[in-house]
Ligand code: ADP
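Only one chain is shown below, in structure tokens, and it's the form predicted on its own.
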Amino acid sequence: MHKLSALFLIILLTSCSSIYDSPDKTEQTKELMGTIVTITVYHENKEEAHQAIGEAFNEIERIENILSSYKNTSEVYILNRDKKVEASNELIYTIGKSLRYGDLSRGAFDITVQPILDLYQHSFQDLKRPPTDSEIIQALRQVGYERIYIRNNNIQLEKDTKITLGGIAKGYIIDKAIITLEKNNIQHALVNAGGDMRAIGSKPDGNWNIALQNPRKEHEHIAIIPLNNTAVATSGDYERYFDDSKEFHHIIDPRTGYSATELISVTIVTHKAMDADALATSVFVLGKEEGLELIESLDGVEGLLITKEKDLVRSTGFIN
């Protein structure tokens, strides 16, 4: 989760306007996780819908207070500061899944990349220059998810290691909000957190149709993605830059210490938002060939990649 991230995933919700005027639709928006979160529910009882949405937002806030890197009472903040924490089930599960994606991506996904991000921020904000090669090499010595130790409910880091859950936590929180809605007997809903989304069922008139915007042309859509009990997440080089020339962005290849540059956008569609979130980052770092190979190796996962030459690369089952 990024402290000041905007709606950077540039995915637009499209639908039939007549249905959106229906009294069965209930919607609420809040600013959480450094972005805009909207929960849309179709339900026959407005009071029950409002109650379900309220409980889902409470769950989002609860888990954000555990997984945020910026709240000084969060478990992640304490872990980064003290190098150990007695962890909740939520943190243990999220880190465990992060380690799995580290293995699955052969190190392209690595939550210990925070020292590199800290170096970039210090270099550009304080020193007004890019980091040097030697500084990056030095910071890389602090990176490696094998430096995380989980024993029962205790998590420890090596002394110079820090983690960020920015590539996976938002997806997990969306999934937990979905579970809360389902526990309240909601059968048709969409949770949209800054463009990362997961749907319960469909809308009354069909799928939730998501328009994916061209990352280089604000008013041009390049794909329509139908969601029905599925999730979508996008990672792109346009999300957050450290420099005005846009050469250095926040999606770092943890194996090299430099921004990944082969792709400009990756969109993943799968069953859970947590998996879509982590895979979007993993594939972005891996690049076109290795990233597509990873997608094709996984059941129930599809993707759309945009190369720096602006070529569109779709997995075999990607629906457009």
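Just so you know, these numbers come straight off a predicted model, no measurement behind them. Sequential numbering from 1, following the sequence displayed.
Beyond the structure shown, there is the form predicted in complex with the named molecule, which is absent from this document and is the topic of what follows.
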**Study point:** Candidate site R198, I210 and L304: all three near the named molecule in the model of the complex by heavy atom within 4.5 Å
**Key:** no
Check your understanding: Out of 55-63, 39-47, 281-289, 24-32, where are the residues with a heavy atom within 4.5 Å of the named molecule in the model of the complex?
Key -> 281-289
Practice item. Consider T94 of the chain shown here, and say whether it contacts the named molecule in the model of the complex, taking contact as heavy atoms within 4.5 Å. Key: no
Check your understanding: According to a 4.5 angstroms non-hydrogen atom cut-off, is V113 in contact with the named molecule in the model of the complex?
Key -> yes
Check your understanding: Should H188 be counted as a contact of the named molecule in the model of the complex, where contact means heavy atoms within 4.5 Å?
Key -> no
Point to revise | Any non-hydrogen atom of T164 within 4.5 angstroms of the named molecule in the model of the complex | key: yes
Study note, to complete from the structure: Contact with the named molecule in the model of the complex, heavy atom within 4.5 Å, among V269, I295, L263, I252 goes to I252
Exercise for review: Just give me the single entry in I225, L140, L157, A108 that has a non-hydrogen atom within 4.5 angstroms of the named molecule in the model of the complex.
Suggested key: A108
